[in-house]
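Single chain ahead, by itself, as structure tokens, in the form predicted on its own.
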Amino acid sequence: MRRLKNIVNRSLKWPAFPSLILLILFFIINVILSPGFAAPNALAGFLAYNVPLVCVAIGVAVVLLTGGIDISLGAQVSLVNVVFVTLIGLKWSFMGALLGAVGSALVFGAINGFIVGFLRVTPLLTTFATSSIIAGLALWIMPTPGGMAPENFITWYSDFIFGIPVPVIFVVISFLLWVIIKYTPLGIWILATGKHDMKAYVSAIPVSWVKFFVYVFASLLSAIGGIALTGSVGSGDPLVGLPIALNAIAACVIGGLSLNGGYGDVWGSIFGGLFLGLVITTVLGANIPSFYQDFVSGIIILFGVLGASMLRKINLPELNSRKPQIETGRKPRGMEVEKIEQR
């Protein structure tokens, strides 16, 4: 009994727990509204459409853990999509087009990381500016939707491997990349930077390089999401990824990640992304008129955010009063930490 109680308490304190409850609840609602939703083919179609958002949400989550934010990832998804389709149209090999598309995202990830990490410009302003640049570049490359992804790739993306929908592979790859990082010193540095970057700095953590890395890493996951999106839509569209950026941030907030950094679990971004997809499916399954679909979806998402936040505050009341504090103790080279913060 005590062991079961400990498991329950640990689950309630898990940052991603509220988003998991929301995900299960809306999955049940969708099955009630449309019993065929639980069929393998229907679930595969749902995942094929929503996997790009989940991949980007994982990237956003890692950035949020450092206390940053990246609203350019949606534009990067569009860029990867149009670059990949354009290079395929120019008779590049599949692997060459894939590397070219991924490389285009990594370039802007490095630019974001350099400006935020080394020039110390506000992440929101930096990524807002680069988002406009990337979106404009995508429109320049492909002014109107068109082109065609390789037919074999489209067929493969909608298929199953050992009974598992292929889109799941993209999420697994994205998550495993984070797991590899999490259990290295870099994973500790990311969390330390998000909790208090000045404390991390005086502890000899390369804060600038950590911030540089997370933006590059987020761009890599946006590239994975862009390739997945291309397999879903089958063609190029310079505007196709733009809504993903803010949806990914919303997914992370619903998933229990703090916008202040240093708190949360990447699992929450996965649950939050799938929850947002289920909200849209629920609205469509309820036969709500198209004029009101966005309104109803927004209301549900708002209540989802509020519900997840309230559950998190009830289960973890110490977060409400958590304030950055400078610990006393060993000071670098005789200087007070407060003085370093003022520099």
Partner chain sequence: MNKGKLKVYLPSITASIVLLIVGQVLSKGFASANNIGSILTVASVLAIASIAQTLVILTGNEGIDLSVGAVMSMGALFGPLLAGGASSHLPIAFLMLAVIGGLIGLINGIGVQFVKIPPLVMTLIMVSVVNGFSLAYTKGQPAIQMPPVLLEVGAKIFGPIRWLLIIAVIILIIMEVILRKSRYGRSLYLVGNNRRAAEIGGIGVNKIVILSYVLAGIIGIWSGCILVGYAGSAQLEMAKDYTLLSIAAVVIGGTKLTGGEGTLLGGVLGAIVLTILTSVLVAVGMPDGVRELIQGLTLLVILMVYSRAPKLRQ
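Keep in mind that this is a model prediction, so the values were computed, not measured. Residue numbers count along the first chain shown, from 1.
This protein has a second form, the form predicted in complex with the partner chain, left out of what is shown; the following refers to that one.
Quiz item: Any chance G36 has a heavy atom within 4.5 Å of the partner chain in the predicted bound form?
Solution: G36 lies outside the contact set for the partner chain.
Quiz item: For G103, is any heavy atom within 4.5 Å of the partner chain in the predicted bound form, or not?
Solution: Heavy-atom contact with the partner chain at 4.5 Å: absent for G103.
Quiz item: Looking at the partner-bound form in the predicted bound form, is T126 within 4.5 Å of the partner chain by any heavy atom?
Solution: Looking in the predicted bound form, residue contacts with the partner chain include T126, since a heavy atom lies within 4.5 Å.
Self-check item: Close approach of S208 to the partner chain in the predicted bound form, 4.5 Å, heavy atom
Solution: Yes, contact at 4.5 Å.
Practice problem: Using heavy atoms only and a 4.5 Å cut-off, determine which of A286, V31, I299, A42 is in contact with the partner chain in the predicted bound form. | Solution: The residue from A286, V31, I299, A42 that makes the contact is I299.
Exercise. Consider the chain as shown here, without its partner, and state which of I154, I71, V107, L99 has a heavy atom within 4.5 Å of the partner chain in the predicted bound form.
Key: Of the candidates I154, I71, V107, L99, I71 is the one lying within 4.5 Å of the partner chain in the predicted bound form.
Quiz item: Any idea which of 146-154, 159-167, 222-230, 199-207 reaches within 4.5 Å of the partner chain in the predicted bound form, heavy atoms considered?
Solution: Heavy-atom contact with the partner occurs in 199-207.
Exercise. Note that the partner chain is not shown here; using its position in the predicted bound form, name the residues of 134-156 with a heavy atom within 4.5 Å of it, in sequence order.
Key: The stretch 134-156, when checked against the partner chain in the predicted bound form, contributes A135, G136, L137, L139, W140 at the 4.5 Å heavy-atom cut-off.
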